Each structure stands twice: as C-alpha cells, then as structure tokens.
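Okay, so here's just one chain, in structure tokens, the form predicted on its own.
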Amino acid sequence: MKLTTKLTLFNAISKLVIVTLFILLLPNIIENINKSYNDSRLLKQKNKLLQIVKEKGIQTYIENGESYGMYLPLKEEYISLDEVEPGYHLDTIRDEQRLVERDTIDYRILSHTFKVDNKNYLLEIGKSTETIGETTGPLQNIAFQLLLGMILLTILADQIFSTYILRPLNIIIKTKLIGNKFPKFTVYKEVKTSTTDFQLLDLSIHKMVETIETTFQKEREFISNASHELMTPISILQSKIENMFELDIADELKVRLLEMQKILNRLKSITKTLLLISQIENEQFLKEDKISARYLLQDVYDEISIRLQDRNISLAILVIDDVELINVNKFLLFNMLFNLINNAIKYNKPDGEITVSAQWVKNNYTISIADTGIGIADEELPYIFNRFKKLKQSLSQDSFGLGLPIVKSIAVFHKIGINVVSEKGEGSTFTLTFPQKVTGELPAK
C-alpha cells in the first residue's frame, strides 16, 4: 500500500472516530447549550421584572396582598409573584413540576426572593422543558451535517496535501530506484523539493548507487583484464605441452602431460566464459543482426544433436509461431539457447524428453525449454543465475556453474525476461519472453 494511501486512511479513520464520539456526545452538548441559553433568558426576565418593581412599585403586580400569576395560553411559560414568610430565601434555577389547571407540567423554573417595603416576595419564572427541547433535534441535524461536510473537506484537503508533499519521494523512488538500470553509471539529477528530509534521501541514494556502481565497474574491469592476461600464459603452456608430445618421452610422462592438458583446457574454458560475461556486461557486443526464431533453434539443434544421441534423449522443437528477431546479436542468442538446451540434456534423465516451444502468448513472443530432468530444489531456485554460487547439481555434474549466469547476462543485454518453473524430480521449464523491440509488430488478432 502506498504511503499517501496509508496517510489518507489514517486521517479518514481518525476523523471518523472523532465524528462518532461527537455524535454520541452531541445530544448532551445541545441540551446543555439549550439550558444555558434558557437560564440566561430567565435571568434577563427576572432582572427586567425587578426593574419594573423598582420603578413602579410592587403594586403593579400585587394589590391587597393577592398573588400575581400569568401564563401563556399553551402553558409554555408562566410568571408568578407571591408574598412569602420573612425568613424564607430562595435563588435557584432548576427543573420542577407545577400543576396548572389540572395539568402537571415540567418546567425550568427560576425562583428568586426579594424584599419590598419590609415584605418578602417570591418570584417564579418558568419555561416548559418540552419547548426547551424542541430545538435539540434540528440543532443536532444541522451540527451533524456541518461536521460531516467539514470532515469530507478535510479528508480531501489531506489527500491533496499528502500527494503534494510526498511527490518528491515518489519521484526519487521512480527515477533513482525503479526506473534506473542497476548498476549503471548515472548523472546526478537533483529532485526539486523544499523538504530537507527528501533532499538528504535523494543525495544519500545517489551516493549509495554511485558507490555500488563503482564497485561493480571495478569488478568487471578486473574480470576482463584478468581473463585477457590469463589467456596468454594458458596458450603458451598448451603449445609447450603439445610440443612435448613430439619428443621421445616415456609413456608415464605422456599420461601426466595429458592430465595437465585436460586441466589447462578446463582453465581455458572458464577464462573464456568469464571474458564473455564481462564483454556482455560491458556492452561490447553490437545488436545489429536479425534471424528467424526457427533458423536459430535449428542451428542450435544441429550443433547439439550429437549429445542427444549419446544419452538417448528426444528433443522436439515446436515453432508454432515464427518471428524474425531483430536488433539482436545472433552469436549471443545462439549461446543463450545452446546453454539452456545443453543444461536440459545435462540434467535430464536417461531416455528423457525435451520440448522447445516458440509461440505468441497473449502479446508476448516466448520460447520455452521444458525437460523431464532432475529438477531444481526450491531452496536453490533463487540462486541459479548467481555466478558466485555453485549449486549442488552443478557439483554433481562436474560443471563450472557459469552456463546460467551467461544466459542471464545475454537476456539482460537483450531485455529478455526469464521465468523458471521447476519441480524436484519432475523437470524444469525455462521461458524466455522477448521484448517488442526484438520481435517487431504484435501478432495479428
């Protein structure tokens, strides 16, 4: 999952949690706001009535000691004023019930006592709690809609900001890691960003790749130079040994010379292979040839058929779709297929079978080599193209273990994909997928 997606999900989930908590608390919040607003209104009414009493006297409401009371027709509000005992004191706002014309109604009541002309009076101003709660529902809906809209806006803003702020990181990943042919010398191109962390990351990755590239280049140069230097003394030794055979020497010495010649041949073969890999990786071959897949496979068959007879292995070449491979190096492609088919023979069972198929699979031209051989163990499969790791089956066959590394180098040189499927004891299938640059136009549908 991408970092921007994770950040967006986190922001969305955190906001949803906040909204959920807010929705749960919203009724109590609205109720408290309503009560607070209503209490404030009751206090204002009380102050206004006391001001009238102060200015016009208590007779405005009470005459001849009779109580004063008034309520609205629907009994939502009422005001009462009555004389009480001199020592009685009350100054509260609370929920209480009152009996009005045989109806018991819940009110929010302000109760306040005050003195006028040495007489103690009790003022009550009440408002029906039912009318107070009438605004709770609409207020909740409005608050919820506003909150939901704000949440959606903030999620959208977070998504836009996350994409903007992480854009340099995506550029670094695409250009410096994924889109870079590795290892390959590259010219440093700074990723423009004002974020210091990304600037450091960009520079660090470039330095790391540069260090690795330098190391790989030195290794390639060393292998190339060492291979060249080794070929000369090997050739001289071979010539000297061949000349010694012309001398009158004992048979025992001839046997030892043959053993030395065999060792030199092995050393020469290894040196040539290393030199070939080095030349491929240093791109010293041209890709200017063109050859049809059918002729290429036939050339390989002509070269290798003698080995099939030795082990009584049958080889079927099925060119279902033939294409002309362009922009290739014929010598290298021959080597690649030769090594794969040679391995299929080498690691096959006696009287085994090999099937080579060349065809379009969807929009990709593929050549697959399937054998009924000994197969490759699952734990060895990831390392079969590693030139520095010699596998058990290579040791058992007295092999140099460089055939598949050559195949890999040639495939990478031509941008050919390799897929390997193998089962121990059942056989292996190597599938080569050629790029459109090599096969030309796509197959007609």
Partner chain sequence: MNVLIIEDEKALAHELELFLVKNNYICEVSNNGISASEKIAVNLYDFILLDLGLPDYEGLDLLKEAKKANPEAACIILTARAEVNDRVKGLDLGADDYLAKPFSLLELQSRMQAITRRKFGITQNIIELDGFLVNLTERTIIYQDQAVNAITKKEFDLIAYMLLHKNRTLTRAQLSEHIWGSVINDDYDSNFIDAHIKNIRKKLSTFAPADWLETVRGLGYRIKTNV
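The structure presented is a predicted model; accordingly, all values stated were derived computationally and were not measured. Residue numbers count along the first chain shown, from 1.
From this point on, the text means the form predicted in complex with the partner chain, which you will not see here.
Query raised in the report: Is I406 one of the residues lying within 4.5 Å of the partner chain in the predicted complex, judged by heavy atom distances?
Result: Because a heavy atom of I406 falls inside 4.5 Å of the partner chain in the predicted complex, the answer is yes.
Requested in this report: Answer yes if any heavy atom of Q238 is within 4.5 Å of a heavy atom of the partner chain in the predicted complex; otherwise answer no.
Outcome: Judged by the heavy-atom cut-off of 4.5 Å, Q238 is in contact with the partner chain in the predicted complex.
Query - Heavy atom of E246 within 4.5 Å of the partner chain in the predicted complex - result: Taking the distances in the predicted complex, the answer for E246 is yes, it comes within 4.5 Å of the partner chain.
**Report entry** 4.5 Å heavy atom contact, D310 and the partner chain in the predicted complex
**Finding:** Close contact exists here: in the predicted complex, D310 approaches the partner chain to within 4.5 Å, heavy atoms only.
Report task. Would you mind picking the one in M231, I171, I317, L139 that has a heavy atom within 4.5 Å of the partner chain in the predicted complex? Result -> Looking at M231, I171, I317, L139 one by one, just M231 meets the 4.5 Å heavy-atom criterion.
Query - Of Q298, T215, Q284, T104, the one that lies within 4.5 Å of the partner chain in the predicted complex (heavy atoms) - result: So the residue touching the partner chain in the predicted complex, by this definition, is Q284.
Query raised in the report: 246-254, 110-118, 160-168, 370-378: which one contacts the partner chain in the predicted complex at 4.5 Å, heavy atom to heavy atom?
Result: Only one stretch passes the 4.5 Å heavy-atom test: 246-254.
Query raised in the report: Are all three residues Y68, L90 and T129 in contact with the partner chain in the predicted complex, where contact means a non-hydrogen atom within 4.5 Å?
Result: No, the whole trio is out of contact, none within 4.5 Å by any heavy atom.
Report task. Heavy atoms within 4.5 Å of the partner chain in the predicted complex is the criterion; list the residues of 289-304 that meet it. Result -> Only E303 sits within 4.5 Å of the partner.
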